[in-house]
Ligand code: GAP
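Just the one chain here, the form predicted on its own, laid out as structure tokens.
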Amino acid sequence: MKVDEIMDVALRRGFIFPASEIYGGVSGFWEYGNLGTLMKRKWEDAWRHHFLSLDQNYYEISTSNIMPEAVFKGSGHLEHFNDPLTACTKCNQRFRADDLITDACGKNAEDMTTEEMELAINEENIKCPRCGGDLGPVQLFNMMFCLDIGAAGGTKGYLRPETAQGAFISFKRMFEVLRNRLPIGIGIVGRVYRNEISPRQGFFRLREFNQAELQIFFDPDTFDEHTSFDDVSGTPLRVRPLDRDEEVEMTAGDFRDTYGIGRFYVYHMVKIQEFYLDVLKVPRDKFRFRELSERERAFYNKVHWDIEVDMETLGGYKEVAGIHYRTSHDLSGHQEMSKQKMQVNIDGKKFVPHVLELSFGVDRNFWALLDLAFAKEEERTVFRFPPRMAPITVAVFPLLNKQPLIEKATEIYSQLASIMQTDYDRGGSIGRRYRRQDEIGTPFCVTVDFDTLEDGTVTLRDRDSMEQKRVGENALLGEILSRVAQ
């Protein structure tokens, strides 16, 4: 299976591996190896460059992973951040009830109530997957990790289940720092923690994972305005609305007119699609926005569209990101809990800002790149990553282990390594070295041979076409950079 083949390469070559592996690992916890860390960092840097440049007032901050209980009372997470839990009455194994229903009969159970899930389990005669025993009642389970703060344990805290709350509780300070203007975008990239009942799908559903989120605070009276909307109104969006049975294409302008969603929201949908299609190079027919029903979407969202990518390893379209209109839910909740005013005063108008959230699962996007890029060919295994996402951009080889070739290859390696992630390899035949780089997705290889010493040209090999071209040493860097930018 493709998922097993990808995981084999990922483990052998240092993309990802189970956490605490020598002790048997713990479900839902994974770690990035050397190549995975490089690729994850490239994805995050691309995200920063694309989204923080959308407005002069969008910035990144870094906030605490541990927050006191009051934060999550104010946000509503203590009351609402729950998943449906059922346990086997025989072996006591615990499961997510909605997952069991989906696996057993293909129904989408995410928007069912606990009572409806119990009824479905009974009607479909769903048993414990582990021992075949009967399943107990469906109950709600809060997914946050609780901990005690301080030596005496006098203060109760939680590991953050999303980066978003860091932006909300920092809003008042950032509004002053950024000179009392709206809109303000506060981005956070970092770790979050969710005590999933039964993590599944390998690397896709985790208990500790990475998010990249941008919270955009704005005047709700301007929700149907955006200064650059006319520039994108003709852009076709690929969407799956609730009233359609399949994906449809419609321009951003027609989409806004048809579904009555504010221009501020739709503009950012266009920019999200650009990120996936133009930066990550996701094939258009593998990408879509899917509208969530009121019962499916998170408790704080008024408008919610998931960004989904079609992945063979996961059996179809899966969520990798979301764009959410959170209204003033979070700031109003924190205002009430903290007794600190979250109102702003813009030209004499006082109001609590609303929030548009752009939320991305870094690890899910990482896996999507592995899924889409992997290919098994007759003579090689290859990851066809977009060049800017590949962990190693270029590898440099001396054709033979001869000192003049080694010296020249080392010189070229040093020049390239100061600009981009570069590998150097002189072990084994040139063919084996090409195959090693193909397997980790390196888009370009440079070979130094005896002609290099004579005329200053090297062989530049393209990963995807396997074509080779002689390039002058002085033109090499420019040639690689131009190909990366394509």
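Keep in mind that this is a model prediction, so the values were computed, not measured. Numbering starts at 1 and runs along the sequence shown.
Quick note: we don't show the form predicted in complex with this ligand, though the next part is all about it.
This ligand in the predicted bound form is approached by R364, whose closest heavy atom lies within 4.5 angstroms of it.
Within 4.5 Å of any heavy atom of this ligand in the predicted bound form lies no heavy atom of P387.
Heavy atoms of H354 never reach within 4.5 Å of this ligand in the predicted bound form, leaving it off the interface. In the predicted bound form, no heavy atom of T235 sits within 4.5 Å of this ligand.
In summary, among the residues F223, F275, Y300, Y413, the only one with a non-hydrogen atom within 4.5 Å of this ligand in the predicted bound form is Y300. Distance criterion of 4.5 Å from any heavy atom to this ligand in the predicted bound form singles out A321 from the list L331, A321, V266, L280. Shown alone, this chain has one stretch from 339 to 347, 225 to 233, 246 to 254, 159 to 167 that lies within 4.5 Å of this ligand in the predicted bound form by heavy atoms: 159 to 167.
Contacts between 208 to 232 and this ligand, taken as any heavy atom within 4.5 Å in the predicted bound form, involve F209, Q211, E213.
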